[in-house]
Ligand code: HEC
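The data below hold one chain only, encoded as structure tokens and taken in the form predicted on its own.
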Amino acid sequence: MKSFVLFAVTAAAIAQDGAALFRARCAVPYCHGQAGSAGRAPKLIGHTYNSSAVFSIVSGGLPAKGMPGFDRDLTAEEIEAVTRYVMTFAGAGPRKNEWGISSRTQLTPELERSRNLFFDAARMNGCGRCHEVDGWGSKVGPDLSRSASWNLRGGSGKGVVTARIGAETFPALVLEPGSVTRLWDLGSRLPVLRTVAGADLQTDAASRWDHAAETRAYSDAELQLIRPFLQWARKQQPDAR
């Protein structure tokens, strides 16, 4: 009985880790939606895959359908954790609070509109493709729920460098420098996480990357409408109370 309880606790912990990995790697604005909902990629709620198939897909990807494999970025244990989490969607019905951020407080209609603008998946240059708020979005730029003020149009572009790999040049954010370097390639329409040999990479602190150009998908009025959601998210942080 004791061993069964230990197994159950361990499985629950793995599933929880898988949820965090899923949010950071899979539930980004241009891939799968939060909590298994649809994004640009198909919804996972109600899927009929078995765990072996899910593990294989997460590991190797589906190149013909644009899904990358994660066997180079995640360990086997992490892929197993994601698999366990995805399997919780199998044959399941619709989930409430698909954004995950409204569970603590019921959002007002104004805040819902503000939130939806931030995470608008129909905009290739939407805020959520680069920024995380309250655990949702992409961890390319800073988590905006941890800031007390926001320059939504200009921004600083802090940390953006010019990267060179052979004849290829692009703006980038370096995550892990070293003999093998991981970086965000900001030169494409959507940020791409790349791993390159450090010896093949050159960086220049000067960059022409422009945050104002990245936010051109929003009007000034729409950026103002986003502010209430960021202010709400900031108030949810422990250090803001």
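Heads up: residue numbers just count along the shown sequence, starting at 1. Note that the structure is predicted; figures quoted are calculated from it, not measured.
The following text describes the form predicted in complex with this ligand, which does not appear among the structures shown.
> Would H131 sit within 4.5 Å of this ligand in the predicted bound form, counting heavy atoms only?
So H131 counts as contacting this ligand.
> Does this ligand get within 4.5 angstroms of any non-hydrogen atom of R194 in the predicted bound form?
Flag for R194 set to no.
> Does this ligand get within 4.5 angstroms of any non-hydrogen atom of I226 in the predicted bound form?
Yes, I226 is a contact residue.
> Taking any heavy atom pair closer than or equal to 4.5 Å as contact, tell me whether L74 reaches this ligand in the predicted bound form.
Outside the cut-off, so no.
> Considering this ligand in the predicted bound form, which of L107, I165, L152, M87 comes within 4.5 Å of it through any heavy atom?
Of L107, I165, L152, M87, the residue with a heavy atom within 4.5 Å of this ligand in the predicted bound form is L152.
> Among 208-216, 194-202, 49-57, 174-182, which stretch has residues whose heavy atoms lie within 4.5 Å of this ligand in the predicted bound form?
Careful reading of the contacts points to 208-216.
> Can you name the residues of 158-180 that have a non-hydrogen atom within 4.5 angstroms of this ligand in the predicted bound form?
Stretch hits, in order: K158, V160, L173.
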